[in-house]
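Below you'll find only one chain, the form predicted on its own, shown as structure tokens.
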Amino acid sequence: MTSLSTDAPAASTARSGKRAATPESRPRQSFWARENIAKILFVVPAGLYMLLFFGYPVAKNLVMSMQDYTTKTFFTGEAPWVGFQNYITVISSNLFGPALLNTALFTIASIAGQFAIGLALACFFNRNFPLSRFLRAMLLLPWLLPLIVASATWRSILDQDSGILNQFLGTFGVPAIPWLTSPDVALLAVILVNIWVGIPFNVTLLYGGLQDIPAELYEAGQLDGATGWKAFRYITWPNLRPVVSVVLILGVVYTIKVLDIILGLTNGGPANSTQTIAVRSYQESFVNFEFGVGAAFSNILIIISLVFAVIYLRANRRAVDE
């Protein structure tokens, strides 16, 4: 009897302890539940925006690229399913190879020129001198101008007969150069204009990276004889490398889909010498009204951009880790 009476209070205490622990855990669980709901509510608008303005257009473009989508579709609502026929048409086209080559040349040359000049100007502006801030602000002007306005301005500058550039070169005895009308020179002219447009972007990011390098490193390097070129090689470049990788990858992603500059300067000519994949996609869709073929061109461009976007994300994560 004694043992039973002793065990009964203990059992009742244990049960009451369990019941007592439950109310204490409920506020904590409800708190975490409310916090998780709040996090989800903050993410939902961004997710809906991505689905509506990015996910749906990409999915629609993918479906369109597998249909015979023409102007007739807007009246009848019918777009026959053709599978990968549009992609076969794109790849077998006589303009696909030259357009792919022009895209590669345009992107590589533009990135190389923008980065080299941008790095040189960033190092120049990294020094304190009078009017430094004013000149840096003026350097952003090409980046602030609408691209169609910039291309129209450069079209007048590069005009063979009345362009300012040929008139200037003529004072040194250089004959007039058909910048925009010769198949041998037109792509070079478009690349030079795109370099001019992209320099402010490179200068801005690289200048910010230079500002983050501690001055103590240069002071310590001077004690070891690291000045001038040696300081750049052993101090500036290693510390700037994460920013450089981001600048290059972003530059490729932005440059590979450039359209308005080429349309404003040459419209893809002369003799298709400035045709790129982006230009082919535009012309097939809005000139030839073959929307399925144009969508196939744009999807190929999206895949190429996606590869460099993944490289950028990995480079950006590595830069944050460092």
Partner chain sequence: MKKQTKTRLSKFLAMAAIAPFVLTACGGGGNSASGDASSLTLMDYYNNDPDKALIQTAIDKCAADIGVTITREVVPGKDLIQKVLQKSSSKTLPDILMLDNPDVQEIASTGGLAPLSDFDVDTSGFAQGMLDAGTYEGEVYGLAPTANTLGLFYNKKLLADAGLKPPTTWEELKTTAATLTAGDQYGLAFSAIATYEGAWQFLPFMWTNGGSETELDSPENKEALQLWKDLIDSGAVSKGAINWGQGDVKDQFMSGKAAMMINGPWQIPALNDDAALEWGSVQVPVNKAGQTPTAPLGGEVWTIPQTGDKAKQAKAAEFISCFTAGDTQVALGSERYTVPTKPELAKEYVAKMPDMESFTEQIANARSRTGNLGAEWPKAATAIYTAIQLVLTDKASVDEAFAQAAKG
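Since this is a predicted model, take the numbers as computed values, not measurements. Numbering follows the first chain given and starts at 1.
One more form of this protein, predicted together with its partner chain, exists but is not displayed; see below.
With a 4.5 Å cutoff on heavy atoms, Lys72 counts as touching its partner chain in the model of the complex. The shortest heavy atom separation between Leu265 and its partner chain in the model of the complex is within 4.5 Å. At least one heavy atom of Asn272 is located within 4.5 Å of its partner chain in the model of the complex.
Contact between Leu180 and its partner chain in the model of the complex is found at the 4.5 Å heavy atom cutoff. Of the listed positions (Thr227, Asn94, Asn128, Thr171), a single one reaches within 4.5 angstroms of its partner chain by any non-hydrogen atom in the model of the complex, namely Asn94. In summary, among the residues Thr153, Ser132, Asn239, Gln160, the only one with a non-hydrogen atom within 4.5 Å of its partner chain in the model of the complex is Gln160. Along 190-223, a non-hydrogen atom within 4.5 Å of its partner chain in the model of the complex is carried by no residue at all.
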